[in-house]
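Before any questions on binding or motion, here is one chain by itself as structure tokens, the form predicted on its own.
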Amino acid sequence: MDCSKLNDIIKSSKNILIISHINPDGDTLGSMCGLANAIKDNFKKHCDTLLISNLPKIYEFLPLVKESKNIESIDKSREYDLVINVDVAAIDRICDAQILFEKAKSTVNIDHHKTNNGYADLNIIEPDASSTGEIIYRIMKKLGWEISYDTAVCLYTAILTDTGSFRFDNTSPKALEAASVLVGLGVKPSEIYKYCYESNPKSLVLLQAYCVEKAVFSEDNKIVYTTVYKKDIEKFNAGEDCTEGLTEKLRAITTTEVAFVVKQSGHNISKVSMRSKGLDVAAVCAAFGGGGHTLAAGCVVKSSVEETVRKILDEVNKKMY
């Protein structure tokens, strides 16, 4: 991992922006806030942080996250010296913030998705890492940065959530080593687990129960999917992050080999989340301009929910048989 240039870029930059991806999860948020905290501690510089969409309530505990700017209100005419994307597999995952990225004097892309094509001036991409949070931890150790308690909380959250609480195949010795060091710095695993996995509102739980109940099974129960319409979200008064963890619930079924959720995102626009126990779902999503990891990926399809389901099923069957 060549990250030696990062110190010099940060030192020479007066104003810095760190951007998370749309529909933020624990990895992108933990990475964003962890990096901002570390730059503040080690370089005595303030970083702006930017959310492309709403902050899920379960992550409100992260240090600095409530100070983040929103894409709707940020001054898009501003020219930053440095813009850093964290956990952003493709540049279109920052939506309207692309203009800020393109205007910047220097750009950095830190990510662990194998589909990332290296779109920045400096690209630190480690597909074998469990999470972007793990990569940032290793960068800090390699460059000799101090890791404060606040930074440790953020990075531990990133690693915890992207390994599914250390249950997924990406839970490597390096990921566990990083988590161990962060716990040694004061992070309380039970506390972070409670924030991330035991703080869901009633509306989210009821919506997900409804979606699981209407799940459709095919190919001798090997493929399972469910749909989420805007009317469903309104019925249960749930937020836009209501599908977080839903695909994993379907994959957890014994017979499941491939699970996916199709969520209505707009008029003839559907968001797809996929998980598998073996099939390369990143390749499935790549057919629609998306990507991710072998066993966990996503995409946005410009068609109705029903048509998107048909397209995804066709692509899965091509890859499976």
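This one's a predicted model, so the numbers in the text were calculated from it and none came from an experiment. Residue indices: 1-based, along the sequence shown.
Not pictured, yet referred to below: the form predicted in complex with a small molecule.
- In the predicted complex, no heavy atom of P56 sits within 4.5 Å of the small molecule.
- Remark: H113 counts among the residues lining the small molecule in the predicted complex, judged by a heavy atom distance of 4.5 Å or less.
- With a 4.5 Å cutoff on heavy atoms, L62 does not count as touching the small molecule in the predicted complex; it lies far away.
- Although the partner is absent here, R275 lies within 4.5 Å of the small molecule in the predicted complex, judged by heavy atoms.
- Among L51, I39, L279, A296, the residue placing a heavy atom within 4.5 Å of the small molecule in the predicted complex is A296.
- Checked against the small molecule in the predicted complex, the candidates V309, V300, I10, L17 yield a single residue with a heavy atom inside 4.5 Å, and that residue is V300.
- Only one of 62-70, 31-39, 249-257, 284-292 lies within 4.5 Å of the small molecule in the predicted complex by heavy atoms, and it is 284-292.
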